[in-house]
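Below sits a lone chain in structure tokens, taken as the form predicted on its own.
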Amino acid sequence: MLYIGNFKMNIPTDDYIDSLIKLDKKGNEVGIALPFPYIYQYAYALNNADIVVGAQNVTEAVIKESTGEVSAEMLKGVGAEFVLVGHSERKKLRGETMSKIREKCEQALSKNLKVVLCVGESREDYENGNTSKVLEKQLREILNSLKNITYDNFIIAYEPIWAIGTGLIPTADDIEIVVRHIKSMTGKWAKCELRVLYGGSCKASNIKLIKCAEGIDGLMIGDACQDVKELQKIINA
């Protein structure tokens, strides 16, 4: 399985990185999306430990006169191998549109950065049975116009908006149904079936229930990734 930690706007310490390097991956792939200022500082040590370093955002801008932006070329240059795109927190707090998210994907792929595209539905959509419809719209707008998507360079992270940071999670059956539907859609628009991760309140206390969902290729882990012991429990489960 693939485990990706989203460190969000927290400060990684040397002690944390040292502990992360010692993580027993149990033969799984592990990545960590760090805040921009810490990617260069820790990329070499983590990559040497087979823990892939990524970024939490990338600009869609193509002109250099874009004060305050960070380009895909810059991220690649400081050791990032992947980038999170379309996270619901950025949609909510920064007003990112699907058009802008698509452009971010294009920029990342053009510089050989792997993309982890986040998609998800609101609580209202979930309760009204509109999850598949909402996800289909999001994926169509992104995948239908992107080129050069492969199994290796593009990953979908299904993160129900209502599950992020709330402690609530869908049932394993619900996750399984959604993952199956996402894979069928990626096969249609991306011309290949892509890997699908589940994210949203993943922690050691509920991870066995989440892992019961057949078809998931890994997990997107938020707050729990800040505690290496908790992360180890998640991998071990």
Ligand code: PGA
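Everything numeric here is computed off the predicted structure, so don't read it as measured data. Numbering starts at 1 and follows the sequence shown.
A second form of this protein, the form predicted in complex with the named molecule, is not displayed here; the remarks below concern that form.
- The closest heavy atom approach of Gly218 to the named molecule in the predicted complex falls outside 4.5 Å.
- The closest non-hydrogen atom of Gly54 lies beyond 4.5 Å of the named molecule in the predicted complex.
- Though the partner is left out of this view, Gly165 does reach within 4.5 Å of the named molecule in the predicted complex, counting heavy atoms only.
- Contact annotation for Asp227: none of its heavy atoms lies within 4.5 Å of the named molecule in the predicted complex.
- For the options Glu141, Asp125, Glu89, Glu96, the residue carrying a heavy atom within 4.5 angstroms of the named molecule in the predicted complex is Glu89.
- Exactly one of the stretches 45-53, 176-184, 194-202, 25-33 approaches the named molecule in the predicted complex with heavy atoms within 4.5 Å, and it is 194-202.
- Residues of 1-28 that come within 4.5 Å of the named molecule in the predicted complex, judged by any heavy atom, are Asn6, Lys8 in sequence order.
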